[in-house]
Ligand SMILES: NC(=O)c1ccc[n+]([C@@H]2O[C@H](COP(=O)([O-])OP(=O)(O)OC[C@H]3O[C@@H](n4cnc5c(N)ncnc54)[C@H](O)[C@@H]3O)[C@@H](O)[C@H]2O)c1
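Only one chain is given next, in structure tokens, and it is the form predicted on its own.
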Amino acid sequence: MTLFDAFRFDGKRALVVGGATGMGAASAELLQSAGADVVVMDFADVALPGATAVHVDLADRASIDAAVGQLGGPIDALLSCAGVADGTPGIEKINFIGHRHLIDRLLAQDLLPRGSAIGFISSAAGLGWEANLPRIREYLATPDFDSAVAWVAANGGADYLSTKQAICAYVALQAMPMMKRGIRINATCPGPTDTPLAQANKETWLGFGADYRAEVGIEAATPAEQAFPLVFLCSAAAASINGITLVTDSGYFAAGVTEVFPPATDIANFLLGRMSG
């Protein structure tokens, strides 16, 4: 045994929700390579050899409950990766409410033991959550799946940006309560990444930050490049990291906020909720 084993997942079970494609699929493959017994939950078909596949519809509370019932044992690492783009019916459920309900069910059944970790994929679009925290607190105070759906129906938030802000705020608000149970929770906020979802929204998603990437001489991230930090956050090597939203955008927002790359400044400040009146 070596110190580097803290980065590995030997003898651990990992659940990747949304692990059939994109960053989720890359994370599932990486976890398997690191020694984990991998379970993949997804609406789409799962192609990873050796993984246990469980069908789930995150927009359907009963489907989530049934999927959790198929786990058959505790989970050491939960990676919440599923997400859809604006215009998708039920986006608020698929991107956030369904994930939260799944976590609640795992906690209620003691399927997340002490020492386990949760890692969400949020987005750079979620970085302005702090400026909207009072509103998001009200949303997150809803006690269950149905009340959260009703809150969104009454108050708005069935859009990509709102769902990603909800994830970031949820991670921050749950950091202490989760830690009391011995569970860590974190999220990554990826910049543009070449996934099937991004390709389906190529002009908007992969066009974002293209000028910055051209300036520094890089391409959009690959799914594997986003999987590396997400899996790390769920490993024992990240034992002191809790409640953070890690920006994985190759420095775009940092360059914008500091005006090192002025074309990104207004966009970064807007998304970070720092635009002056």
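Residue indices: 1-based, along the sequence shown. In this text, all values refer to a predicted model and were calculated from it rather than measured experimentally.
Unshown form predicted in complex with this ligand; subsequent notes refer to it.
Colleague: Given that the partner is absent here, state which listed stretch (186-194, 103-111, 170-178, 134-142) has heavy atoms within 4.5 Å of this ligand in the predicted complex.
Modeller: Selected range: 186-194.
Colleague: Tell me, yes or no, whether Cys234 is in contact with this ligand in the predicted complex, where a contact means a heavy atom of each within 4.5 Å.
Modeller: No.
Colleague: Evaluate Leu58 for contact with this ligand in the predicted complex, applying a 4.5 angstroms cut-off between non-hydrogen atoms, and reply yes or no.
Modeller: Taking the distances in the predicted complex, the answer for Leu58 is yes, it comes within 4.5 Å of this ligand.
Colleague: Ser116 versus this ligand, in the predicted complex: is there a non-hydrogen atom within 4.5 Å?
Modeller: No.
Colleague: Verify the contact flag for Phe228: yes if a non-hydrogen atom of it lies within 4.5 Å of a non-hydrogen atom of this ligand in the predicted complex, no if not.
Modeller: Contact check for Phe228: no, nothing within 4.5 Å of this ligand in the predicted complex.
Colleague: Just to confirm, with a 4.5 Å cut-off on non-hydrogen atoms, which of Leu127, Ile121, Ala77, Ile97 contacts this ligand in the predicted complex?
Modeller: Comparing distances to this ligand in the predicted complex, the residue within 4.5 Å is Ile121.
Colleague: Which residues in 76-99 have a heavy atom within 4.5 Å of this ligand in the predicted complex?
Modeller: The stretch touches the partner through Cys81, Ala82, Gly83, Val84, Ile94.
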